[in-house]
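Before any questions on binding or motion, here is one chain by itself as C-alpha coordinates, the form predicted alone.
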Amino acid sequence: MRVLVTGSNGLLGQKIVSLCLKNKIEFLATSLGENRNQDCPNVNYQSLDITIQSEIKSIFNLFKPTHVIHTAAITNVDFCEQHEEECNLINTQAVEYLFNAAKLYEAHFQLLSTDFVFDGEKGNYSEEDEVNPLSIYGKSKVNAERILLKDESDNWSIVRTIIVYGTGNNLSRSNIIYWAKDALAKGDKLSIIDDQFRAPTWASDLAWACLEICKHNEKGIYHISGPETMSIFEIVSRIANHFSSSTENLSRSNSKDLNQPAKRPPKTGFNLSKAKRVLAYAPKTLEETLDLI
(Lines give C-alpha, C1' and ligand atoms only; values in the text may rest on other atoms or scores of the structure.)
Protein backbone atom coordinates (compact mmCIF):
# COMPACT_ATOMS: atom_id res chain seq x y z
CA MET A 1 0.00 0.00 0.00
CA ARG A 2 1.10 3.52 -0.84
CA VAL A 3 -1.40 5.89 0.77
CA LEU A 4 -1.82 9.52 -0.28
CA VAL A 5 -3.55 11.49 2.50
CA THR A 6 -5.11 14.90 1.85
CA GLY A 7 -5.88 17.23 4.74
CA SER A 8 -3.09 15.69 6.80
CA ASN A 9 -2.87 18.73 9.10
CA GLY A 10 -6.44 18.09 10.26
CA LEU A 11 -7.46 15.85 13.13
CA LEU A 12 -8.45 12.80 11.06
CA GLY A 13 -5.47 13.26 8.75
CA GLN A 14 -3.12 13.24 11.73
CA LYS A 15 -4.65 10.04 13.09
CA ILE A 16 -4.29 8.33 9.70
CA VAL A 17 -0.64 9.43 9.54
CA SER A 18 -0.11 8.04 13.04
CA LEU A 19 -1.53 4.65 12.06
CA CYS A 20 0.56 4.56 8.88
CA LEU A 21 3.70 5.21 10.91
CA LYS A 22 2.74 2.61 13.52
CA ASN A 23 1.96 -0.05 10.92
CA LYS A 24 4.85 0.85 8.60
CA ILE A 25 2.49 1.74 5.75
CA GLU A 26 4.12 3.85 3.06
CA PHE A 27 2.37 7.23 2.87
CA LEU A 28 2.56 10.80 1.65
CA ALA A 29 0.81 13.40 3.79
CA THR A 30 -0.48 16.54 2.07
CA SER A 31 -2.15 19.76 3.19
CA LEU A 32 -2.15 23.36 2.04
CA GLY A 33 0.98 25.07 3.37
CA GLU A 34 3.54 23.79 5.83
CA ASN A 35 3.44 20.58 7.84
CA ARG A 36 1.82 21.47 11.19
CA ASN A 37 1.98 17.94 12.59
CA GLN A 38 5.32 17.47 14.34
CA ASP A 39 4.66 13.72 14.51
CA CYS A 40 4.69 13.52 10.70
CA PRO A 41 8.24 13.40 9.29
CA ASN A 42 8.84 16.19 6.79
CA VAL A 43 10.17 13.61 4.33
CA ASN A 44 6.61 12.20 4.23
CA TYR A 45 4.96 15.58 3.69
CA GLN A 46 4.21 17.70 0.63
CA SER A 47 2.15 20.88 0.36
CA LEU A 48 -0.80 20.49 -2.00
CA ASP A 49 -3.52 22.84 -3.21
CA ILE A 50 -6.29 20.41 -4.18
CA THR A 51 -7.93 23.04 -6.40
CA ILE A 52 -4.94 23.18 -8.78
CA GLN A 53 -4.87 20.24 -11.18
CA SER A 54 -1.20 20.69 -12.08
CA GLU A 55 -0.21 20.31 -8.41
CA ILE A 56 -2.33 17.17 -8.12
CA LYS A 57 -0.70 15.74 -11.24
CA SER A 58 2.78 16.44 -9.84
CA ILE A 59 1.97 14.75 -6.53
CA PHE A 60 0.60 11.64 -8.25
CA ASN A 61 3.59 11.46 -10.59
CA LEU A 62 5.92 11.80 -7.62
CA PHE A 63 4.29 9.30 -5.24
CA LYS A 64 2.24 6.97 -7.47
CA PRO A 65 -0.28 6.03 -4.75
CA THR A 66 -2.25 2.80 -4.61
CA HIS A 67 -4.81 4.43 -2.30
CA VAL A 68 -6.02 8.00 -1.73
CA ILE A 69 -7.76 9.01 1.50
CA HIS A 70 -9.32 12.40 0.87
CA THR A 71 -10.06 14.13 4.19
CA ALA A 72 -9.45 17.73 3.08
CA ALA A 73 -12.61 19.87 3.03
CA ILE A 74 -14.24 23.02 4.34
CA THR A 75 -16.27 21.67 7.25
CA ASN A 76 -17.42 24.96 8.79
CA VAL A 77 -21.11 24.68 7.91
CA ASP A 78 -21.96 28.37 8.36
CA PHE A 79 -18.89 29.50 6.41
CA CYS A 80 -20.02 27.28 3.53
CA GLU A 81 -23.50 28.79 3.66
CA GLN A 82 -22.03 32.26 3.21
CA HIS A 83 -19.26 31.30 0.74
CA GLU A 84 -20.98 28.90 -1.64
CA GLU A 85 -18.53 29.25 -4.52
CA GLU A 86 -15.48 28.52 -2.36
CA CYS A 87 -17.30 25.64 -0.67
CA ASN A 88 -18.19 24.04 -3.99
CA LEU A 89 -14.69 24.48 -5.37
CA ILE A 90 -13.01 22.73 -2.44
CA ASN A 91 -15.69 20.25 -1.38
CA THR A 92 -16.90 19.20 -4.83
CA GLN A 93 -14.74 20.32 -7.77
CA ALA A 94 -11.49 19.28 -6.10
CA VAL A 95 -12.95 15.81 -5.55
CA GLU A 96 -13.37 15.44 -9.30
CA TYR A 97 -9.76 16.53 -9.87
CA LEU A 98 -8.41 14.04 -7.32
CA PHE A 99 -10.68 11.18 -8.41
CA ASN A 100 -9.67 11.60 -12.04
CA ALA A 101 -6.01 11.48 -11.05
CA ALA A 102 -6.62 8.40 -8.90
CA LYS A 103 -8.26 6.62 -11.84
CA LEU A 104 -5.23 7.25 -14.03
CA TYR A 105 -3.09 5.42 -11.49
CA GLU A 106 -5.77 2.79 -10.74
CA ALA A 107 -5.64 3.93 -7.11
CA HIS A 108 -8.52 3.31 -4.74
CA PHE A 109 -10.13 6.67 -3.95
CA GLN A 110 -11.75 7.21 -0.56
CA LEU A 111 -13.93 10.26 0.06
CA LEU A 112 -14.76 11.44 3.58
CA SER A 113 -18.35 12.62 3.81
CA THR A 114 -20.87 13.58 6.48
CA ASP A 115 -24.18 12.96 8.19
CA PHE A 116 -25.24 16.37 6.86
CA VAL A 117 -26.12 14.72 3.55
CA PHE A 118 -29.36 13.74 5.37
CA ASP A 119 -32.26 15.96 6.47
CA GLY A 120 -32.36 14.58 10.02
CA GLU A 121 -36.04 13.66 10.02
CA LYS A 122 -35.40 9.93 10.48
CA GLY A 123 -32.16 9.31 12.36
CA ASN A 124 -30.18 6.05 12.60
CA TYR A 125 -29.35 6.29 8.90
CA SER A 126 -28.12 3.33 6.90
CA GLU A 127 -25.97 3.48 3.78
CA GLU A 128 -29.05 2.84 1.62
CA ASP A 129 -31.12 5.76 2.92
CA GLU A 130 -31.90 8.61 0.54
CA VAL A 131 -29.90 11.81 0.94
CA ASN A 132 -31.63 15.18 1.33
CA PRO A 133 -29.19 17.89 2.44
CA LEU A 134 -30.42 21.06 4.15
CA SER A 135 -27.32 23.25 3.74
CA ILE A 136 -24.78 24.36 1.15
CA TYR A 137 -22.22 22.24 2.98
CA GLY A 138 -24.44 19.16 2.84
CA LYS A 139 -25.18 19.73 -0.84
CA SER A 140 -21.47 20.10 -1.64
CA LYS A 141 -20.83 16.70 -0.08
CA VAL A 142 -23.78 15.06 -1.87
CA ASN A 143 -22.46 16.42 -5.17
CA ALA A 144 -18.99 15.10 -4.36
CA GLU A 145 -20.45 11.67 -3.59
CA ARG A 146 -22.33 11.68 -6.91
CA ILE A 147 -19.07 12.16 -8.81
CA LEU A 148 -18.07 8.71 -7.57
CA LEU A 149 -21.51 7.10 -7.66
CA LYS A 150 -22.12 8.02 -11.30
CA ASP A 151 -18.69 7.01 -12.56
CA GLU A 152 -18.00 3.79 -14.47
CA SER A 153 -15.18 2.96 -12.05
CA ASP A 154 -16.09 1.22 -8.80
CA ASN A 155 -12.62 1.57 -7.26
CA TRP A 156 -13.77 3.94 -4.54
CA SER A 157 -15.29 4.16 -1.09
CA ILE A 158 -17.30 6.85 0.66
CA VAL A 159 -16.94 7.13 4.43
CA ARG A 160 -19.63 9.20 6.10
CA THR A 161 -19.03 10.27 9.68
CA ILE A 162 -20.39 12.48 12.50
CA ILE A 163 -18.74 15.04 14.88
CA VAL A 164 -15.15 13.81 14.86
CA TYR A 165 -13.27 14.55 18.08
CA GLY A 166 -9.91 13.95 19.71
CA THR A 167 -6.61 15.74 20.19
CA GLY A 168 -3.99 16.66 17.61
CA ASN A 169 -1.09 18.97 16.87
CA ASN A 170 -1.67 22.64 15.99
CA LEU A 171 -5.23 22.10 14.81
CA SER A 172 -6.92 25.02 13.07
CA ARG A 173 -10.28 24.12 14.64
CA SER A 174 -11.36 22.73 17.98
CA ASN A 175 -14.20 20.25 18.44
CA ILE A 176 -17.18 20.26 20.74
CA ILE A 177 -15.88 17.55 23.08
CA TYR A 178 -12.55 19.24 23.72
CA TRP A 179 -14.20 22.67 23.95
CA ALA A 180 -16.85 21.48 26.42
CA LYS A 181 -14.31 19.79 28.70
CA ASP A 182 -12.27 22.99 28.89
CA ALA A 183 -15.28 25.30 29.32
CA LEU A 184 -16.79 23.12 32.08
CA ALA A 185 -13.48 23.00 33.94
CA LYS A 186 -13.34 26.82 33.89
CA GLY A 187 -16.95 27.13 35.06
CA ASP A 188 -18.05 29.07 31.99
CA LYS A 189 -21.73 29.75 31.48
CA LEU A 190 -22.89 27.36 28.77
CA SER A 191 -26.20 27.40 26.91
CA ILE A 192 -26.34 24.13 24.97
CA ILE A 193 -28.93 23.03 22.40
CA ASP A 194 -31.02 20.00 23.26
CA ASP A 195 -32.87 19.58 19.94
CA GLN A 196 -30.02 18.29 17.77
CA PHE A 197 -28.88 14.68 18.09
CA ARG A 198 -25.53 13.29 16.94
CA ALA A 199 -23.23 10.28 17.41
CA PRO A 200 -19.79 11.74 18.28
CA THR A 201 -16.93 9.83 16.67
CA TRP A 202 -13.52 9.18 18.21
CA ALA A 203 -11.00 10.21 15.54
CA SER A 204 -8.76 7.18 16.10
CA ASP A 205 -11.69 4.82 15.50
CA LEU A 206 -12.52 6.63 12.27
CA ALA A 207 -8.90 6.55 11.09
CA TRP A 208 -8.72 2.81 11.76
CA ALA A 209 -11.87 2.22 9.71
CA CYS A 210 -10.60 4.35 6.82
CA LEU A 211 -7.38 2.36 6.59
CA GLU A 212 -9.15 -0.97 7.09
CA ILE A 213 -11.38 -0.21 4.09
CA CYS A 214 -8.29 0.57 2.03
CA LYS A 215 -6.35 -2.49 3.21
CA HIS A 216 -9.11 -4.80 1.99
CA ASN A 217 -10.09 -2.64 -1.00
CA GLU A 218 -13.69 -2.51 0.18
CA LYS A 219 -15.99 -0.62 -2.17
CA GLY A 220 -19.09 1.52 -1.74
CA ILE A 221 -20.51 3.59 1.11
CA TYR A 222 -19.68 3.05 4.78
CA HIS A 223 -21.21 4.73 7.81
CA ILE A 224 -18.56 5.20 10.51
CA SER A 225 -19.44 6.99 13.75
CA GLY A 226 -19.61 6.61 17.49
CA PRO A 227 -21.98 3.93 18.85
CA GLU A 228 -24.44 6.25 20.63
CA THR A 229 -26.70 9.02 19.35
CA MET A 230 -27.48 11.72 21.88
CA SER A 231 -28.42 15.39 22.07
CA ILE A 232 -25.67 17.99 22.14
CA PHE A 233 -26.86 18.86 25.65
CA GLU A 234 -26.46 15.22 26.72
CA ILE A 235 -22.95 15.13 25.26
CA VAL A 236 -21.92 18.10 27.39
CA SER A 237 -23.75 16.74 30.46
CA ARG A 238 -21.96 13.41 30.18
CA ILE A 239 -18.62 15.16 29.88
CA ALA A 240 -19.43 17.14 33.03
CA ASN A 241 -20.44 13.97 34.87
CA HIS A 242 -17.31 12.09 33.80
CA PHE A 243 -14.97 14.81 35.06
CA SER A 244 -17.13 15.68 38.08
CA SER A 245 -17.52 19.22 36.75
CA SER A 246 -20.24 21.47 38.09
CA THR A 247 -23.35 21.84 35.92
CA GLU A 248 -24.50 24.93 37.80
CA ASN A 249 -23.77 27.15 34.78
CA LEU A 250 -25.09 24.68 32.20
CA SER A 251 -28.48 25.46 30.66
CA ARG A 252 -30.60 24.22 27.76
CA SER A 253 -31.38 26.09 24.57
CA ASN A 254 -32.70 25.24 21.12
CA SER A 255 -31.44 25.67 17.58
CA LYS A 256 -33.63 28.71 16.89
CA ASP A 257 -31.84 30.61 19.66
CA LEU A 258 -28.53 30.31 17.79
CA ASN A 259 -29.81 31.96 14.60
CA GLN A 260 -27.16 30.16 12.54
CA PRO A 261 -26.89 30.85 8.79
CA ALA A 262 -27.01 27.16 7.85
CA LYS A 263 -29.83 24.78 8.70
CA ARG A 264 -28.78 21.61 10.53
CA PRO A 265 -30.45 18.18 10.45
CA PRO A 266 -32.21 17.71 13.81
CA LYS A 267 -31.33 14.03 14.31
CA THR A 268 -28.77 11.90 12.55
CA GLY A 269 -26.83 8.97 13.97
CA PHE A 270 -25.87 5.92 11.93
CA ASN A 271 -26.83 2.30 11.64
CA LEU A 272 -23.39 0.70 11.97
CA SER A 273 -24.41 -2.84 11.01
CA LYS A 274 -22.44 -2.89 7.76
CA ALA A 275 -19.25 -1.54 9.33
CA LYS A 276 -19.47 -4.02 12.19
CA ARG A 277 -20.15 -6.95 9.86
CA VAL A 278 -17.60 -6.20 7.14
CA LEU A 279 -14.86 -4.40 9.06
CA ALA A 280 -15.41 -5.73 12.60
CA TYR A 281 -15.74 -2.06 13.55
CA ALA A 282 -16.00 -1.63 17.33
CA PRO A 283 -16.22 2.08 18.17
CA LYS A 284 -15.54 3.43 21.63
CA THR A 285 -18.24 5.09 23.70
CA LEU A 286 -17.87 8.71 24.72
CA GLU A 287 -16.83 7.84 28.27
CA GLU A 288 -14.19 5.38 27.04
CA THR A 289 -12.39 8.20 25.26
CA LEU A 290 -12.72 11.15 27.61
CA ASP A 291 -9.60 10.45 29.63
CA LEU A 292 -7.66 10.31 26.35
CA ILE A 293 -8.44 13.88 25.26
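One-based numbering along the sequence shown. Here the structure is a predicted model, which is why all the values come from computation and not from measurement.
Below, we refer to the form predicted together with a small molecule, which is not included among the displayed structures.
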For this session: Please state whether every one of the three residues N61, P65 and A102 places a non-hydrogen atom within 4.5 angstroms of the small molecule in the predicted complex.
Result: no
Exercise. Which pick from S157, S135, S113, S204 sits with a heavy atom within 4.5 Å of the small molecule in the predicted complex?
Worked result: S113
Exercise. Which one of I50, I239, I232, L28 is close to the small molecule in the predicted complex, taking close to mean a heavy atom within 4.5 Å?
Worked result: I50
For this session: Decide whether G10 counts as a contact residue for the small molecule in the predicted complex under a heavy atom distance cut-off of 4.5 Å.
Result: yes
Problem set entry | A262 within 4.5 Å of the small molecule in the predicted complex, heavy atoms | no
Problem set entry | Proximity of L184 to the small molecule in the predicted complex, heavy atoms at 4.5 Å | no
Problem set entry | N124 within 4.5 Å of the small molecule in the predicted complex, heavy atoms | no
Seminar exercise, completed: Note: the small molecule not shown here; in the predicted complex, the stretch from 146-154, 187-195, 214-222, 105-113 having heavy atoms within 4.5 Å of it is 105-113
